[in-house]
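Only one chain comes next, encoded as C-alpha cells, the form predicted alone.
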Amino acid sequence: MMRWAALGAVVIVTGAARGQGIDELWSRNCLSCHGKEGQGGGAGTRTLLTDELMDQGLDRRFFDAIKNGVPDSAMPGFGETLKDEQIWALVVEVRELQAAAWRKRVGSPKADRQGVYTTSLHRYRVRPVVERGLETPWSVDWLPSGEMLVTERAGRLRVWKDGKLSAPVEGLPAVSARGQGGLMDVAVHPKFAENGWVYLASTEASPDGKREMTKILRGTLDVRKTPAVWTQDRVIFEAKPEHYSGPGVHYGCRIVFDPKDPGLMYFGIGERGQMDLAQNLERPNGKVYRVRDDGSVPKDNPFVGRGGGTYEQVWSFGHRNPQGLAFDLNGSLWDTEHGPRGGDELNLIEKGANYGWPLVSYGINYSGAPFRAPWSEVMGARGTPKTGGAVRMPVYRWLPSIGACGLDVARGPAFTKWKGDLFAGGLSGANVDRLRIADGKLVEREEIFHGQGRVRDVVCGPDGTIYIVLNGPDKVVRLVPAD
C-alpha cells in the first residue's frame, strides 16, 4: 500500500506563484522538504525516487495529494492557491526527477562480452544493416522479393539489396525538406505482388514556397532498373490549398494498412504547431485518417455527410503529432504521438474518437511553464470536457517525453516470447520500449534498447527480427536472437 507521507510537507504558496514556471514552483514550495532532486530529508520526508512511486497509475494520486493534501500527515493542500495546471506541473517535475534518478541508477541496457543483451524474456544481439551512406533516414519497408526500401528526410528513396545501398530512386516527386518536414514514411501495399503499389508520406510546399502540408502519394517502383525508377504518381490525400501553413513542425506521418481489409489504409498528420486546429474537423491538422487505397473515402467513416467543409477522411481527431502507427495482432489500431515537455502518448485509436489535444495534456510547456492538466476545470467528473464530447485518454503516457517515433508489433518466428507486444521508439529518449497490452490496458513495459542514437523508426522485419532506424548516427540496425 502506498505511503503518501512520502510526499512530505510543503511550504505554503501564495497567490503570487501563479505566474511561476516549474523550476520556481518547485524551488519555492517543495525543495525545502523534498530536496532539489526529490531525495527527501527535510521535515522527515522520504524519497520520491523509488521504483514503486514511478507507476503511472499514481499520477492522479500525486495530483490529488498536492491539491487536497494528505490526511494525518504534514502535507497541506494547495487547491486554493495553485491552479490545476500548476499542480500538474509539479507532478511533471516529480516524474522528471524520478526518471533522472532511475537513469542514473540503472543506466542503459548493456551487452556482455559476447555482445549479448539480456531482457526479461529474450536475449538479443545488435547487428548492423546499413552502416553508411544515409542522411537522416526516416522509415523502412520491404518488397515481397526481399529488397528493403529506405527513405531519407531530404527527399531520397533508396533500395537495400544484397548488402548494398542503391543510388537514389529516380522520378520521385519533389519534397520540401525544411524544419521537421521532408520525405517521411514509405509503405508497401500488402498486395504489391498484384498491383505494384508503394506509398509515400512527404511534405509538399505551396506554389509560393511559403506554406507546407503533409501529402500522401502512391506510385509504382521498378527495382529491375539501376537505379530503380518511380512512376505513375497518384495523390491519395492532400489538404485544401488554403489549409497549408508555414514550415516548421508536426507533420506526422506514418502509413499502415488494415490487416482485415488490405484495401483500407490509415495515416496520421500532426497539428502543424496550430494546436487548436486539432479539434476542428474542417481543418486537416492533428488527425488520423482512413481512406481506400486509391484515396477514396469509405462510406462508413465517422464524419461522412457532416458537411460544412469537414474532411471526411478523418477517422479520429485531437492528436498532436502522431509519428507511430501500427495494428496489433488482434486488429486494433495504435498510435504514439508527441506531447510537449512530457506526456507523449500511446493511444488505442477508435472510430470518431477525440484524443483531447490541446484540451488536456500530461505535459507542460517547453519553457517549463504550466500548460494543461489531465484533470482540470475543462473536465467533468468522468473525464468529459464541459465543451462537449468525451476525450479518450492514453493507455500509456511517457513522462518525461521520449519524442515518440516509430511503432510496430512483434510477430514472426524470431522472438516468440515477444509475439503481440508493441515496440515504440523515441527520438529524444534514444530508446525502444516493449509494451504489453491486455484487455486494453498496459500490463508490462520494458526498455530494451537505449543510448545508441535517436530512434526514428521501429519495424518488425519479414523474418520477425526488430529493425531500428537511427539518426545521429544515421544508420539501420536490427535486433536478432542470441539463443
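Rigid core here is just the name for the largest C-alpha set that superposes within 1.5 Å across the two forms. We number the residues from 1 along the sequence you see. Being a predicted model, the structure only gives us computed values, none of them experimental.
Although it is not shown, the form predicted together with a small molecule is what the next lines describe.
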Go through 54-62, 413-421, 427-435, 454-462 and give me the stretch that gets within 4.5 Å of the small molecule in the model of the complex, heavy atoms only.
-> 54-62
Would you confirm whether the three residues 30, 45 and 74 all fall within 4.5 Å of the small molecule in the model of the complex, going by non-hydrogen atoms?
-> yes
Could you work out which of 325, 198, 90, 265 is the residue within 4.5 angstroms of the small molecule in the model of the complex, going by heavy atoms?
-> 90
Would you mind picking the one in 230, 124, 138, 78 that has a heavy atom within 4.5 Å of the small molecule in the model of the complex?
-> 78
Would residue 70 sit within 4.5 Å of the small molecule in the model of the complex, counting heavy atoms only?
-> yes
At the 4.5 Å heavy atom threshold, is residue 66 in contact with the small molecule in the model of the complex?
-> yes
Taking the rigid core as the reference frame, is the Cα of residue 86 displaced by 2 Å or more between this form and the one not shown?
-> no
Per-residue C-alpha change between this form and the one not shown, residue 97, threshold 2 Å, rigid core fit = yes
Does residue 39 show a Cα shift reaching 2 Å between this form and the one not shown after rigid-core superposition?
-> yes
